[in-house]
Every structure is written in C-alpha cells, then in structure tokens.
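The form predicted alone is given below as one chain in structure tokens.
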C-alpha cells in the first residue's frame, strides 16, 4: 500500500508566513465572522463590509489586519483544520472537529499511516484524516452516492489534500480493495454488517472505529464486535464546552454543541478462539450477574411448582420394629 505520493502545489505555500496565489486563507471580521477564500490574482472578495482585491492580499504576512474599500478591518489568517472541515460544501451532515480530532488520536494516525474510510459523505472527516497521514500516508475512502462523491472530491481538491486520498464510488458489501491497512473507520448506518470486511482489510493489531448517533446502534455494534473477534472495545462521547474569553468575567458560552455521536473503537484479535477472554471487566461482571439471576429464577420456578403440588414430597418414615 506504500505508493509514492507527490506533494500538491499548495502544500508548501499553505505553511508559508505570507499569503500566496492559490492558497486558502481566512478573513475574520471584528465581529468574529469567518470567510474562507482561495486567493486568485485579479479576483475580488465581496461581503457586506465591502470588497477586497485578492492582489492586495497576496504577499501580505498572515496575521495582518487588512481593510475593505470602505474601511472595515478584517484579519488575514491561515485557516485551521477546523475551518477547513466546517466550511466544506455540504451534501450530508458532517462529523464535527471535536469528534474528528479524537478519532485521529484513537486510530493512532500519523504521517505514513494508511486508513480506510466508509462513507465519505461531504468529505469533512476525510480532510482531517488526510491532514493527519500526509505527506507519506494515504486515505482510501468509499462512498456509494454520486452526489456525495462529487462534493467530497471538490472539497478535498480545494483543501489541497486530494493527492493523499484514493476515492472509490462503490459499496463495501463485497469488501475493500486494500488489505494491511493501519486503521478502518466506518460512518455507515449499520457498521456491524461489515465487520468481516473490516477484519480482512486491517493489518494484525490494527485500529477500528465507528461513529453512530443512537444507543441502539451502539448495542448492535457491540454485539457484533464481541462475536467477530474484537477486543479492547470502548464506547465514548466527546463533549466540548467553550468559554467566553473575558478575563474579568470568565464563564461558559450560553450554548454548546452537545451530543453528536457515540465513538466505538476496538482492535482485532488474531487468535480469536476465545474472544470472551478480552471482554471488559464491566461486561464480565454483567454476564456473571445474568448467570446468577438465571439460576435464582430457575430455583424460584422449581419451588413454585413444588408448592403448587402440595410441597416437597418426602418418603414415609419406616415404622419401628
């Protein structure tokens, strides 16, 4: 899977201290509104605050305050990964940066990693994955819907990350084209239906994760992981609370992004003859309680039957000599 990767033309320029042609930059207003634009010579940026010539921005140091033609200030910045993710053109609900950042951690991604993703959606998470594995790694992403495929491809191209992504417009029912992947992530409605395909695609000791929105999906996936030889199973939820940056009156924002999904992660077991050995202690205790409860229920049923039949029957005592 270690194909040679060529750097995109804007990969280096995106990390330079000055704004360059073709680079994505962020213009932030004094009120905090953010505008993501790609600098092109001869073009103009229009907003309710006035217009800016792209030519006037090219060559300026990032972090510079610029002014529209009617005098409104804007801050010229390099966009963050969160900016790139949240400002993609959307055809589906995107995975939030808070979840994407933790996924990169849980999947142990770094430059040179090879990860398989299904489905692509609008490509917001694909951007984060490609950002993590570039420039030596690769993301292999699968999407069935043609409109999502086209939208994601354009979003990745615009972010300068398409060279680190191989896109497949097809179902994963018959498996993945890749094997020996470092990680597999599923963002599909029924991830438990594809665990056999995941095991085939993952290298020994690789990383698996999935994000689902509801508890019944979590339960189905947990049962599937337990029955197909996965261990080190975890269920987590990522919550981030923002605070108002006022030194003399620091307090939480009035609203926050709450539940966005449950993150389930696991590792494949090669010698999965006894997968129950690697269940969590909580799961083992629960199974033990179920066994005890079943024994108690069985004994209660036996006693109920005895009472209905007039109580326990003992043999008659033999009469003395």
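Keep in mind it's a predicted model, so treat the numbers as computed, not measured. Residue numbers count along the first chain shown, from 1.
Same protein, other form: the form predicted together with a further copy of the same chain, not shown, and the subject of what follows.
> Does any part of residue 154 reach within 4.5 Å of a further copy of the same chain in the predicted complex? Heavy atoms only, please.
Residue-level check for residue 154: no, no contact with a further copy of the same chain.
> Any chance residue 213 has a heavy atom within 4.5 Å of a further copy of the same chain in the predicted complex?
Result yes; residue 213 sits at the interface with a further copy of the same chain in the predicted complex.
> Any chance residue 208 has a heavy atom within 4.5 Å of a further copy of the same chain in the predicted complex?
Heavy-atom contact with a further copy of the same chain at 4.5 Å: absent for residue 208.
> In the predicted complex, does residue 226 have a heavy atom within 4.5 Å of a further copy of the same chain?
Taking the distances in the predicted complex, the answer for residue 226 is yes, it comes within 4.5 Å of a further copy of the same chain.
> In the predicted complex, which residues of 32 to 60 put a heavy atom within 4.5 Å of a further copy of the same chain?
If the 4.5 Å heavy-atom criterion is applied to a further copy of the same chain in the predicted complex, 32 to 60 yields only 34.
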